[in-house]
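Okay, here we've got a single chain as C-alpha cells, the form predicted alone, with questions on binding and movement later.
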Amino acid sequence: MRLGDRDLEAVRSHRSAETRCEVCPIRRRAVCAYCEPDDLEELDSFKSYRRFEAGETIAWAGERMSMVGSVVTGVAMLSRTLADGRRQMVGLLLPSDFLGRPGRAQNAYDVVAATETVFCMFQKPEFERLVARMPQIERRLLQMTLDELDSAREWMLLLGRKTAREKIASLFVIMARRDAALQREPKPGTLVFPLYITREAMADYLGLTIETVSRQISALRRDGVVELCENRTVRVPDLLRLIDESGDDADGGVLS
C-alpha cells in the first residue's frame, strides 16, 4: 500500500482536536463502533490521518499493505484491471467503510479517491495486535464483512436484472441511506445528500454509458423523484418513492 512509503509526520499532519475518537463523524458505524471509552483512548494514541485528492491512487491491486483504516470523509472507488486493459469498478468505499483486511498481505483492488478523501489509518501490524486483544473490534469487522457480502449479492441483482432507471435510483438510495445513518441527529422529512461521484464514475460502476446516466438522472429530476441542488447535492422529497423507483421493496424500514 502506498501509504507505507510516506513520512508518518505527513500522515499525522491532519490531526486536530476535532479528530478525537469520541467526536468522530463515523463513530457509530466504523470498525470502532463497539469500543468503550478506554478502548477509544488507546486507538486515539496511535491512529493517524491521511488526505487524498480526487483522482489520487490510494493503493494498487497486488500491493503489500502496510496500513489499514476507515474512510472518514469522501469516497474512494475500488476497481480491477483485466489483462487486456479493460477496467471495471467493483465497489465504493463510503464514510465508515474499512480498507484492508487483518491477516491479508496484499490489496485485492486498485483504490482511487473519487473525491477528496480522508482516512483514519493504523499501521497494519499494530492493528492486527489490537484485533487480537479487543474482541469487540473483531466482532465489528465480522459484521462489516457480512454486510459487504449482502451488498455484493444485492449488486449482482442490480447489474443483472434492473433497468437503467432502477440502477440510478438504487445508487441514490444507497447514498441517501448511508448519509442519513451517519448523521448524529437525523432530520425527519426530506433527505439531502452529497453526490459523491461523477456521472462518468456512475456509468462505470453501473455498467451504463455516460449518456444513459445523464438521461436517467434528468428523467428522475423531471418526474420530481429527485432534485439536483448546488454544491453537487441531491434532494429527495420522498424516499419511499425513490425506493419504489429502484425496484426494491420499501417494507421493513427505510433508513436502516
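Here the structure is a predicted model, which means the values were calculated and not measured. Quick note: we count residues from 1 along the sequence shown, nothing fancier.
Keep in mind that the form predicted together with a further copy of the same chain is missing from the display, and what follows is about it.
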item	value
In the model of the complex, the one of M65, I217, A203, L195 near a further copy of the same chain [non-hydrogen atom within 4.5 angstroms]	A203
Which of 131 to 139, 112 to 120, 171 to 179, 67 to 75 sits within 4.5 Å of a further copy of the same chain in the model of the complex, heavy atom basis	131 to 139
K162 within 4.5 Å of a further copy of the same chain in the model of the complex, heavy atoms	yes
4.5 Å heavy atom contact, P237 to a further copy of the same chain in the model of the complex	no
Interface membership of D147, a further copy of the same chain in the model of the complex, 4.5 Å heavy atom rule	yes
P102 within 4.5 Å of a further copy of the same chain in the model of the complex, heavy atoms	yes
